[in-house]
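A lone chain, given as structure tokens: the form predicted on its own.
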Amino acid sequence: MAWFEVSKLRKEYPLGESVKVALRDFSLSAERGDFVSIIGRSGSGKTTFLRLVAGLSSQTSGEIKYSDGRKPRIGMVFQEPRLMPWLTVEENVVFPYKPLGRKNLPLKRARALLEMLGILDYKDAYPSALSGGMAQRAALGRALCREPELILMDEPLGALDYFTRNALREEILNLYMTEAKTILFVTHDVDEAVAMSRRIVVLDEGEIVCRVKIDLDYPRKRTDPAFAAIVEQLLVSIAR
């Protein structure tokens, strides 16, 4: 059994007098240290899947299992930073520890993360003073602060400009390669998925229609014919 395993997951939503099926017969597994991207058209069920794994919603049927029998620590990064506007950057990063009380706040780890993400100088700033890229870096720091075993990323780069997106993509990839985090990454950008992932699944109307394993070495170049071939294969599977 893989470390993380989803078996025949199904999610239904009431839609007037009918039912909308967001996921159907969705099965996926991952080992520790895997990087799996989920791509597909809008409304294909990508975000629904992450929400189920995070425990933000419950499945209609099917199972989400871990080989050691316990739910791991999970960090989630959304498309928008979703920072608390009344808290400083540092306070936002340690926010998951707030219920434990002030003496348990891991300020040393928070500052190390902010330094790694290049925004330590802004630790006392409020979100309104940050650019979009800085805010998303702070959101990533918050997701990492509890040392998650599984990181869920829902279009974390989608709202950023080209240059900021590329810089933060490198930060995420460096994090993955140095800390061997297990990552489930949702994106609309096929090139981005190929550049970062070990495996990619394509969703269409809640069903997996294509699975691709990527054996290219990092860093990956878009000019590589093998890279281009994988992109073409994925685009065909999305367009059909």
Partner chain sequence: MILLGKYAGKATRAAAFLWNIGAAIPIIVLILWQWGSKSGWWSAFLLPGPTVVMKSFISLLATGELAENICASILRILKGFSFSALVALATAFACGIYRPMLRALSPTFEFIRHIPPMATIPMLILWFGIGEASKLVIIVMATFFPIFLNTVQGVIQCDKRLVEVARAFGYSRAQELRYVIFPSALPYVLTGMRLGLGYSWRSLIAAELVAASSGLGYMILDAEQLSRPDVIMVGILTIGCLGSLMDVSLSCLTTRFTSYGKKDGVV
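Numbering follows the first chain given and starts at 1. Because the structure is predicted, anything quoted here is derived from the model rather than measured.
Beyond what is shown, the protein has a form predicted together with the partner chain; the following relates to that form.
Enquirer: Is there a non-hydrogen atom of Ile74 within 4.5 angstroms of a non-hydrogen atom of the partner chain in the model of the complex?
Expert: Close contact exists here: in the model of the complex, Ile74 approaches the partner chain to within 4.5 Å, heavy atoms only.
Enquirer: Classify Leu107 as contacting or not contacting the partner chain in the model of the complex by the rule of any non-hydrogen atom within 4.5 angstroms, answering yes or no.
Expert: Answer no; every heavy atom of Leu107 is more than 4.5 Å from the partner chain in the model of the complex.
Enquirer: Even though the partner chain is not shown here, does Arg51 get within 4.5 Å of it in the model of the complex, heavy atoms only?
Expert: Close contact exists here: in the model of the complex, Arg51 approaches the partner chain to within 4.5 Å, heavy atoms only.
Enquirer: Arg137: heavy atom within 4.5 Å of the partner chain in the model of the complex?
Expert: Taking the distances in the model of the complex, the answer for Arg137 is no, it never comes within 4.5 Å of the partner chain.
Enquirer: Check each residue of 79-94 against the partner chain in the model of the complex and list those with a heavy atom within 4.5 Å, in sequence order.
Expert: Stretch hits, in order: Glu80, Arg82, Leu83, Met84, Pro85, Trp86.
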